[in-house]
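One chain is shown next in structure tokens, namely the form predicted alone.
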């Protein structure tokens, strides 16, 4: 995703001279080099000064630019939170805050680098929109959507090595709409971001053990949430499963449960999220997810207990 972001931003910048990027002591990998060489006046590294990064982007936006603010997710939103809230959201400026390493991606670096409650925090901000693509193809579409968006955006990305999951998706990426990436009936799995890979592994396991075809959806837009589309999903399927790499508090699962209550949905609804705690487990990304209870075998056992 990181490299896809860099390559796509270069294409966006070629098409729109108002697009620029400000980074805080991090560069979006080697693929940003072409951007830096061709558009040096539209690339700024402020160093370890995330508040300055957001303030600078706000000033650029007020002068007609379309800035992207880029660094590790925890430092992109938590450290400069006041600037994000007041400089960007209060003034409804077209700045995209790019958080690299959403969720538990920076596994071995510990809780200081884990963005496990970022969607809840950013969802609470008026005017803020949130995109969390599930693979490189959705990342490409998301960057273009951010460049066209008229207000502040939080773009939650992984890091590197993510597989392509949506090459054969029956529906296109569209900002603000839940996207079917695999057809099915009876049961469907909803997810977003990196953990969508696990969600698809879960669908495959259910199909092997239970038969039939399980549908899968990428809920790439977390705000504004596609309430109409999700209401249809709740009415269409007998069983709906949410798998998310985000805290149980303020995530997709909690919002979907509220929507199910409001819409009178009669489906069986299962929601699996990160625990509302800092788990002091140091290992791989998969190790941390499993410590939070997120693994296809563990999820399957809970669904069909």
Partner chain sequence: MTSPARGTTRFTPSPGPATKPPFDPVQARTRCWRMRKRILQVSQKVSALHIGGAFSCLEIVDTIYHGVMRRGADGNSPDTFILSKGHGSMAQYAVLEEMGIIPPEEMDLTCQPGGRRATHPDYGLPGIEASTGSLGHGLALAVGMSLADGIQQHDRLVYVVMSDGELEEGSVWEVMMLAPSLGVKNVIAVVDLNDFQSLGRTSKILPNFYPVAEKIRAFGWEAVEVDGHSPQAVHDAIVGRKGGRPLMVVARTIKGKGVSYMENVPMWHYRSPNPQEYQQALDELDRAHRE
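Numbering follows the first chain given and starts at 1. What you see is a predicted model, and the numbers here were worked out from it, not measured in a lab.
Keep in mind that the form predicted together with its partner chain is not shown, yet the notes after this line are about it.
Heavy atoms of residue 86 reach within 4.5 Å of its partner chain in the predicted complex, making it an interface residue. Looking at residue 18, you'd find a heavy atom of it within 4.5 angstroms of its partner chain in the predicted complex.
Contact annotation: residue 92 falls within 4.5 Å of its partner chain in the predicted complex, judged by heavy atom distances.
Interface membership of residue 63, defined by any non-hydrogen atom within 4.5 Å of its partner chain in the predicted complex, is confirmed. Interface residue among 209, 171, 228, 82, judged by heavy atoms within 4.5 Å of its partner chain in the predicted complex: 82.
Just one of 176, 111, 126, 150 comes within 4.5 Å of its partner chain in the predicted complex, counting any heavy atom, and that one is 150. Of the stretches 263 to 271, 233 to 241, 44 to 52, 250 to 258, only 44 to 52 has residues with a heavy atom within 4.5 Å of its partner chain in the predicted complex.
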